[in-house]
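One chain comes next, on its own, written as structure tokens: the form predicted alone.
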Amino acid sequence: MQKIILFFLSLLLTTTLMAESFHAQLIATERAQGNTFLLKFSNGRVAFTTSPDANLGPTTYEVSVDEDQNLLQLQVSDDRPEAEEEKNYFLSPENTPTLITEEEARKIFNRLNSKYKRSSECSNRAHVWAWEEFKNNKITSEKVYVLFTASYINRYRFKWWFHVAPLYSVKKGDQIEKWVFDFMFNPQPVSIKQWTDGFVFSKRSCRYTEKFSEYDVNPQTEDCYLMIDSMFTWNPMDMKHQELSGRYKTQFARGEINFAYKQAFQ
């Protein structure tokens, strides 16, 4: 009997140690396969469940998942960005990226804030990196998003439904190239295809779209979608809102910046 008790205590401890927790707003619930449903959260994380609660709404939750991204626990949380007046940052579309040289690009990459937490979310790191370069050096960047489909996430039990990083326009000879600055995953600026290859195991090219709704219908034939937007967007929900409302961010929101620093940097 004692051995059985010790076995179950050991199993419980192992399960607890493998569990991972995060705070985020629930964005969407969709069917992944059969009776399995996929929960998508604002920080890019996902969770699988076979019994989605019909009462779940766009609220911030504390979420626990196991190593296969199966949902273990979901409870309401008060950890969220500061509220701001919409008029402060939803205006008209305008975002012309600064054209920089290769030398300038490498200097920018080398001065990216490296004091991020290993457990931080990509949207917060990218937001701070873009904000600091704009604030300190008046250099305007863009954001590049890779959006993973439910079929891809389900196939690999992938833990993210999107990833984002700053994107810069670099003059190389007579050409203008787009370079991704993702300090956590790349030791130098890389092309968009090099960047997505680090997350897309099939190495398939991501289908480019200018409409979030095209990704949102989630055709099972694609592994991923690619979107490019202004540096002011914080996560894909901004792009969804822009498409629905026809209004766009043209300023950084102070509440989002404060939250991004708090969550992502030491």
Partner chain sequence: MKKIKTTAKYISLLCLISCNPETKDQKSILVTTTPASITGDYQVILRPLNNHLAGWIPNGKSELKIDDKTLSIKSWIDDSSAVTHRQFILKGSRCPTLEDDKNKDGVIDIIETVRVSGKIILPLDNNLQVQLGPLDQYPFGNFAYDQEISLKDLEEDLRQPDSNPDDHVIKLTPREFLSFENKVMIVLGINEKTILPDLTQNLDGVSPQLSIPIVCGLIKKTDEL
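Residue numbers count along the first chain shown, from 1. All figures in this text were calculated on a predicted structure; none of them were measured in a lab.
This next part talks about the form predicted in complex with its partner chain, which is not shown.
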Please pick out the stretch from 132-140, 109-117, 95-103, 173-181 that is in contact with its partner chain in the predicted complex, where contact means heavy atoms within 4.5 Å. 109-117
Please identify the residue among E30, E67, E214, E62 with any heavy atom within 4.5 Å of its partner chain in the predicted complex. E67
Sole residue of S77, S169, N186, Q73 within 4.5 Å of its partner chain in the predicted complex, by heavy atom: N186
Answer with yes or no whether E20 is in contact with its partner chain in the predicted complex, where contact means some heavy atom within 4.5 Å. yes
K159 near its partner chain in the predicted complex, any heavy atom under 4.5 Å? yes
Even though the partner isn't displayed, in the predicted complex is G198 close enough to its partner chain, meaning a heavy atom within 4.5 Å? yes
Could you pull out the residues of 233-266 that have any heavy atom within 4.5 Å of its partner chain in the predicted complex? Q266
